[in-house]
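Here you get one chain, nothing else, as structure tokens; it is the form predicted on its own.
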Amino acid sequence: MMNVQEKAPASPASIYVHIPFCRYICFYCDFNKFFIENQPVDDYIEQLDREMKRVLMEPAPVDTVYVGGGTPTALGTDQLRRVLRDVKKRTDSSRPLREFSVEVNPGEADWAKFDMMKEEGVTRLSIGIQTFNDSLLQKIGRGHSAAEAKETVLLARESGFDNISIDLMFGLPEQTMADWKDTITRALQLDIDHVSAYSLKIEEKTMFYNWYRQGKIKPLPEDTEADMYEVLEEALADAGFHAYEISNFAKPGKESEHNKTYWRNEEYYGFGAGAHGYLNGVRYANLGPLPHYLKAVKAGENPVKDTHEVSRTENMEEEMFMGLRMKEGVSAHRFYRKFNCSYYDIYPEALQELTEEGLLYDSGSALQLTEKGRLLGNEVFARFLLDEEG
């Protein structure tokens, strides 16, 4: 096994921390997570800190931190405070974080928890609402109501947070266009700053996958999903949001700086059970099962389970796939700096064809998807697969 975390880090600017505990398990979720009841939560927090200390022996010059899950707010207030403080200890305090995000589930954060997060320097909240239809919430296994979702957003705002994002899902089984429009309307009434909206993907190892195979649920047609996306895009544009990434919409100055790390194909630290990271040209995944992760860290071992050294070809492909998801596109300068060549040197035919088909636009400094290209993103991305080393 390549001990990627023990090589001298290339000073990534971002840290992702995984909290794998949940107070309920959503039917569509395939992330590494565990029902929190009777789990060794305090032991996990202790070993998480040991893993971070082992990799970041000196405070790192980090710009963004994202604490996700699972559900960070499934932890008690004091437990979550410990996690946030442990992470801060691993960052260079002489340069304030540009963004410090925590995922929140509706109904799991009261005044005390929000006040604590504010005190510990959290600047951005990502609240998992998904839909404001109570019937749909039950059908997808969410443990909150629409009323609790609204109350959580209002409480976060009253607690002083001025950068609040919510997650929404469309293409849910039995979801109608009227349901979707109502969810968008109710979301915009809450004066939020950012929306991440994703169509349902039925993943293996989920309840939805089992039910799908048994014929108990039926995904919506792709055309309906596309219509729902266009309705969302138009409504958010009218409300002052811009689509800076295919699935992400923000008011001016409220884009997710942490997620741009992923879309710009940059490296980052990943800590925790089942966390993924990208260091020194190697993508890695930590051990997922809690006992395995805890045992490895306690023994002073590297908790990394899988590693993949990213080839030059794969790196170029990822640069195109991920960069084109963003409104800003793939930077000509950044591509040349990384690969010592132009993307026209690598993809001359694909770029010419996609431009002629009206799917791609060259601004001079970057390649960007056109509006038509955004709706046919997967078709565009497939044209950047390379057969051999570029």
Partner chain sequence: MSEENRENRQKNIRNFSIIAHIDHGKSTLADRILETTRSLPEREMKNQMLDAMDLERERGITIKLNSVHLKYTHTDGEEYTFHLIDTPGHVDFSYEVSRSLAACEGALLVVDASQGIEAQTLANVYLAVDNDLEIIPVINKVDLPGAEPERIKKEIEDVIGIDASDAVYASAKSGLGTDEILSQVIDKIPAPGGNRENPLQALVFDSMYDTYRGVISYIRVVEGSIRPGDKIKMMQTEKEFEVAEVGVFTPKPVASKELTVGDVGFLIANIKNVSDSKVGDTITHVKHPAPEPLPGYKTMNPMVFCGMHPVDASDYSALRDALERLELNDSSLQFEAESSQALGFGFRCGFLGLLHMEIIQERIEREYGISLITTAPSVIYHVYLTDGELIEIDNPSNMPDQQKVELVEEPFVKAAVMVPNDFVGAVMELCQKKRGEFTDMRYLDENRVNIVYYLPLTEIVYDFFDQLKSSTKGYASFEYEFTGYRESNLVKMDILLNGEPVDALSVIVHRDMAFERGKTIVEKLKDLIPRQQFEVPVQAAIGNNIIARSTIKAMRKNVLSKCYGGDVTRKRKLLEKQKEGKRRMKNVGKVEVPQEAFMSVLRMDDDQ
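Residue numbers count along the first chain shown, from 1. Here the structure is a predicted model, which is why all the values come from computation and not from measurement.
Below: the form predicted in complex with its partner chain, not depicted.
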With the partner removed from view, which of 288-296, 201-209, 236-244, 179-187 is the stretch that lies within 4.5 Å of its partner chain in the predicted complex, judged by heavy atom distances? 201-209
Residue-level contact is defined here as any heavy atom of the residue lying within 4.5 Å of its partner chain in the predicted complex; does Tyr361 satisfy this criterion? no
Check whether Ile25 has any heavy atom within 4.5 Å of a heavy atom of its partner chain in the predicted complex, and answer yes or no. no
Phe161 versus its partner chain, in the predicted complex: is there a non-hydrogen atom within 4.5 Å? no
With heavy atoms only and a cut-off of 4.5 Å, decide whether Phe339 touches its partner chain in the predicted complex. no
Candidate from Lys216, Arg85, Lys305, His276 lying within 4.5 Å of its partner chain in the predicted complex - any heavy atom: His276
What is the one choice in Lys251, Lys139, Arg283, Arg90 with a heavy atom within 4.5 Å of its partner chain in the predicted complex? Arg283
At 4.5 angstroms, heavy atoms only, are Phe31, Gly377 and Leu385 all close to its partner chain in the predicted complex? yes
Using a 4.5 Å cut-off on heavy atoms, what residues in 316-332 are near its partner chain in the predicted complex? Glu317, Glu318, Phe321, Met322, Arg325
